[in-house]
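Presented below, as structure tokens, is a lone chain in the form predicted alone.
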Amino acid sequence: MMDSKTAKLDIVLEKALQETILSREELLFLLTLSEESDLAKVFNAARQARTRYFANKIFIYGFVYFSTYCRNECAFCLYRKSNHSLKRYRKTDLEIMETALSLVKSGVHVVDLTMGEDPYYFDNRESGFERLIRTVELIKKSTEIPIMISAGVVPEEVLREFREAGVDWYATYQETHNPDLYHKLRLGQSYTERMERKKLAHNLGFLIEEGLLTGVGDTDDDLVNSLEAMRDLGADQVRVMSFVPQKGTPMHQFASVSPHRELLIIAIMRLVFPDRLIPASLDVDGLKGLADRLNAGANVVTSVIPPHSGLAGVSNHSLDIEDGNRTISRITPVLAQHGLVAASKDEYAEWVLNRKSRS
């Protein structure tokens, strides 16, 4: 005889697959699940939802972390300003261009240009970003590849110039949508300004990626708040990453979160946003964690980084880079094992175009 929890889970998953908006109570219920059989049901439903919109196609993002300097003191981040335990770098315009072109040649669908809020750029505002904007423009003209800019809360005029240069995506993660927790994580930074810059970007025609960290003191209520905030924002790509404690930060002694937590959130995101892009990041567990994230409903592989490029990752800054495990040739067999394939560049470009027209 079916117990009440199993019956409730079946009802909630059926409702989600009918694309009826789940209530707050139903989302909180899903977040409490921990038994393997229950998780398997949720992951299966998430894959069904993904297949409905994306068949067996997976998108792949190239990652260029071109500056590890930052003016901020985020409590969770290895690259916080006062962390002197690491060697930093700032890539030249030519290095950024060459790395982007190599990623395009390898077959990625997007080039994600990422940095900390480097004072070199931010202290000079519009003029500080001028060369970077020209570099972006050259990459776009040379390759026609979709481009994501992940450079923090850039000035409004700079955002407009990035748009004119051909940037398609703007990403600057809130990490949490609990303002009190936000201020503990992003010390001295405005919650409202960060949100408003994303809204402006959307109004300017950018596609928006919104992201959160789990394992940083967030509660189930906080996670549901984040899902609601992502829906209100109209985010086109939504992501979650598990917090990895970093040396030289105030949170270096935080206990690592259970790996099931991120997987469950990915699956719930897929049920809430069946037609959106949801990344499986290589930045937390590397290649060995990819299959589980795909199994939970992700449809984007992010943080592809060429070996010997001198580039770092975010959560695990050196994981799987120099041994080539963050390359398409290593990712493709994992996709095949799960009946998945890398989409074509044209298929991704069509998705972007359709999403923009809908927005």
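Everything numeric here is computed off the predicted structure, so don't read it as measured data. All residue numbers refer to positions in the sequence shown, first residue = 1.
Below: the form predicted in complex with ligand MD0, not depicted.
Judged against ligand MD0 in the predicted bound form with a 4.5 angstroms heavy atom cut-off, the residues F63, S150 and T302 are in contact without exception. With the partner left out here, ligand MD0 still marks one of 128 to 136, 99 to 107, 200 to 208, 170 to 178 in the predicted bound form; by a 4.5 Å heavy atom cut-off that stretch is 170 to 178.
V314 belongs to the set of residues with a heavy atom inside 4.5 Å of ligand MD0 in the predicted bound form. Heavy atoms of M241 reach within 4.5 Å of ligand MD0 in the predicted bound form, making it an interface residue. Interface residue remark: D218 is not counted as part of the site for ligand MD0 in the predicted bound form, having no heavy atom within 4.5 Å. Using a 4.5 angstroms limit between non-hydrogen atoms, S226 is distant from ligand MD0 in the predicted bound form. D112 is the sole member of D112, D236, D285, E161 with a non-hydrogen atom within 4.5 Å of ligand MD0 in the predicted bound form.
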